[in-house]
Ligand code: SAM
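Before any questions on binding or motion, here is one chain by itself as structure tokens, the form predicted alone.
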Amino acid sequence: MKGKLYIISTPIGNLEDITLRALRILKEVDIIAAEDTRQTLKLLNYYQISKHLISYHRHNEETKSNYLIEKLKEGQNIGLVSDAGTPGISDPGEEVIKKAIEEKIEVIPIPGACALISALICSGLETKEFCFLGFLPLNKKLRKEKLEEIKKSNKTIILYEAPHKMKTTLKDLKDYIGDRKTVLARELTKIHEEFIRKPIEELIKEAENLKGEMILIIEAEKKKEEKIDTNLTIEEQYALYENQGLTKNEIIKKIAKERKTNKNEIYKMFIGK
């Protein structure tokens, strides 16, 4: 019987930010595959968990993935953890998960802390739609492509960045998207946790003095207000939005908003349409 691969979220700073289920699974698995065994050992020692650890990081991901799959085939259960937060999110984990799925091995998520979500929910920016891009590429061509993507996006953008590269990244962003509203989340759940809510231009001035793990949340590009053709009848407006693929309810809400009238009045006009 094959073992199970558990993808275990661990604290991003405060060691108390771990679920009871995660602690139970860490105690029960046969092996813990850790991005940095020294970092994971701090967590395990804090909760008095003694377990066989092996390193699993970017530089040995290919070979160690094969080793872990073999152990899983032998029937051993494995817990995969990163240094902090959720494995596979800008951290090692993708490769072994893909291989486990190919081998019909059960992959089980153990949810918990995730830095990008923690930063987003406290940012004060739009949370309905967002795009996580991880770290911007260092390659000039690829970096330019990503910056163009950010420029055109109408969703909140979330980036990870190292402290010593933050100023350069902010300058690049300023050149491509202008002085948009931005939130820099720093040292989340730790003693020096901080949210800096300022336009990019102001953040650039502070970037050199900032330390610790950082997340950048960028306001979505504001949609330009559509100009309403006041010469259109309500029926013509309905037909226009219907051709754009909007549903009946969406069209009625839109017309009511644009004409500053009660949507029920508009709805009565199109009953049965």
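These figures come from a predicted structure and were not determined experimentally. The first residue of the sequence shown is number 1, and the count goes up from there.
Only in words, not in the display: the form predicted together with the ligand, which the text now covers.
The closest heavy atom approach of residue 153 to the ligand in the model of the complex falls outside 4.5 Å. Contact check for residue 97: no non-hydrogen atom falls within 4.5 Å of the ligand in the model of the complex.
Interface membership of residue 12, defined by any non-hydrogen atom within 4.5 Å of the ligand in the model of the complex, is confirmed.
Interface membership of residue 76, defined by any non-hydrogen atom within 4.5 Å of the ligand in the model of the complex, is ruled out. Contact with the ligand, judged by heavy atoms within 4.5 Å in the model of the complex, is confined among 89 to 97, 197 to 205, 172 to 180, 68 to 76 to 89 to 97.
Listed residues 122, 147, 114, 133 were compared with the ligand in the model of the complex; 114 is the one with a heavy atom within 4.5 Å. Shown here without the ligand, the chain has 185, 186, 187, 188, 190 in 174 to 202 lying with a heavy atom within 4.5 Å of that partner in the model of the complex.
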